[in-house]
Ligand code: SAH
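What follows is a single chain, given as structure tokens, in the form predicted on its own.
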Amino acid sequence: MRQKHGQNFLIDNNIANNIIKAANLERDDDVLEIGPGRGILTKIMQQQIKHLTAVEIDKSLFQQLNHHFSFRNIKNIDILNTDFLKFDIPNTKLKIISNLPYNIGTAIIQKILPLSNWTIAIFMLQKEVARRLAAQHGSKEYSYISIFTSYYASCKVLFDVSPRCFNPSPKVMSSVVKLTNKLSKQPSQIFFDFAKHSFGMRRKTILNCISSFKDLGKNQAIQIMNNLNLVTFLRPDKLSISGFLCLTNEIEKYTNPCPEKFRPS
């Protein structure tokens, strides 16, 4: 049966334990779980930490989990029935663990990563998305979300998970990734805008990407690349995150001398 919110529930206890082990949980940890579902991770984590906040959008699943923990008079867990994308994340030191919904996984990641109060995040998501999060420049998986992730966090793919470990079984492989917060300062808005613009035309050269960005034009684009000693035939997937940072710093001189700081939506 197709789930209302596209959930694929983890049913393999060995995988669940490996996910939790990757977070290096300690007794005084506060943990945020996104989409606990039927609670396979929730029931294990709750016993190992100080406090768990579980955010579940599905009302029926929320009621089942709430009943389970209330019946046992367990006090160190708050289960909230709300949409995580509209949820105000507590401003306390957190570890985050989630079997992310495939359809909104990257949106959730983009909400979390810019925050300074999380330390480690363990996410299970579609394998190809996991590879994009961890991709380095020059690889075919390298994309805008690679840059976004790499700017805010160190990312490592830990292991793959077979569709047989879920109910219902998805049609794709999953992977578990570990993110460690770099505590990066917010870059200028232009940095992410230009990265997204460039990967929207990844088969074009960086020269073309610059000249079509904020009406800069080819002459200014050539000047910007000359200032940084960049070859004109360079393509977006060959430029590292540090290269994008240097390039957008130079672009700012030709666009807005006092750029607004990036604010995640």
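Since this is a predicted model, take the numbers as computed values, not measurements. All residue numbers refer to positions in the sequence shown, first residue = 1.
One more form of this protein exists, namely the form predicted together with S-adenosyl-L-homocysteine; it is left out here, but the text below deals with it.
- The stretch that touches S-adenosyl-L-homocysteine in the model of the complex, counting heavy atoms within 4.5 Å, is 40 to 48, out of 22 to 30, 40 to 48, 197 to 205, 224 to 232.
- In the model of the complex, none of the heavy atoms of L158 sits within 4.5 Å of a heavy atom of S-adenosyl-L-homocysteine.
- Under a 4.5 angstroms non-hydrogen atom cutoff, S-adenosyl-L-homocysteine in the model of the complex lacks Y254 among its neighbouring residues.
- Contact between F84 and S-adenosyl-L-homocysteine in the model of the complex is found at the 4.5 Å heavy atom cutoff.
- S-adenosyl-L-homocysteine in the model of the complex is not approached by D237, whose heavy atoms all lie more than 4.5 angstroms from it.
- Within 4.5 angstroms of S-adenosyl-L-homocysteine in the model of the complex, the stretch 43 to 62 places a non-hydrogen atom from each of V55, E56, I57, D58, L61, taken in sequence order.
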